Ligand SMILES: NC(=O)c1ccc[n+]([C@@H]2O[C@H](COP(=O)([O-])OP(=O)(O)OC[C@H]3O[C@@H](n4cnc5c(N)ncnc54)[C@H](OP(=O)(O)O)[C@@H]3O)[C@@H](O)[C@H]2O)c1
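Presented below, as structure tokens, is a lone chain in the form predicted on its own.
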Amino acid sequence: MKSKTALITGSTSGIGRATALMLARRGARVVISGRDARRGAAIVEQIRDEGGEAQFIRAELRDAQSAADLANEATEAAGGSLDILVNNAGMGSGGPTAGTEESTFDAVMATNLKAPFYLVANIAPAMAARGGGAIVNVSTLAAGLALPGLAVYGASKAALDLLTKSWAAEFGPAGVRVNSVSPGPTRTPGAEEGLGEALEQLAAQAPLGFVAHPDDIAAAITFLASDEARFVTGAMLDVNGGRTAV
């Protein structure tokens, strides 16, 4: 990863944080992005203390302009070019379809779908012009498996999976690889707050039967972002303990 630059959205906690640390430990210069400046500063400090390079950019990622602004700031912070983009920032939403507020629907779609779309629109062309790059989208088990109460969240990520394939076809001829990682139950602050005890129950339904650590998902993302995966594009990598294998 030495000489590589990476932008990881939603990287002040959970899977994004683990991914930023893992990429930095492999030598990449990372741009941390999120809404919490305090947590962002703490991760930057940790990476620098370990001898790595990192910067934090605060971003809400709720519309096309915020995505374009982040793309521009991150490219500048990375020294003029980005080699890796990890679309990890996401917004969860649970509950029955009836009663879901339009504002909730719009917010989930904006964060989980619109923001990645416009980040790729602003970053992938420059990767293509240089002849290479790697984009990894973070999806979810709920994108391919119907889970009650997760209709809006699952739909937003299922659409992101389709974009993964579309972008792989669009940018592949120029050397840009685009893949998706689909995590199962993972012990992140957001998952623990949103699912509570159901997190353990959901994990128990998979053959491996345990809740993943963020590093388990970060390892898959790091592989797909690395040159070791140079012949992999348009792939949906399930990292869910075997839940979709049964």
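For every residue, the number given is its place in the sequence shown, counted from 1. Given the structure is predicted, the values throughout are model-derived calculations rather than measurements.
What comes next is about the form predicted together with the ligand, which is not displayed.
Comment: 138-146 is the region of 98-106, 138-146, 161-169, 78-86 lying near the ligand in the predicted bound form, near meaning a non-hydrogen atom within 4.5 Å. Highlighted residues 29, 224 and 232: none comes within 4.5 Å of the ligand in the predicted bound form, counting any heavy atom. By the criterion of a heavy atom within 4.5 Å, residue 52 is excluded from the residues contacting the ligand in the predicted bound form. In the predicted bound form, the ligand lies within 4.5 Å of some heavy atom of residue 39.
In the predicted bound form, at least one heavy atom of residue 11 sits within 4.5 Å of a heavy atom of the ligand. Contact annotation: residue 93 falls outside 4.5 Å of the ligand in the predicted bound form, judged by heavy atom distances. Note on the partner interface in the predicted bound form: the residue among 69, 200, 60, 215 having a heavy atom within 4.5 angstroms of the ligand is 60. Contact with the ligand in the predicted bound form, defined as a heavy atom within 4.5 Å, holds for exactly one of 206, 43, 191, 220, namely 191.
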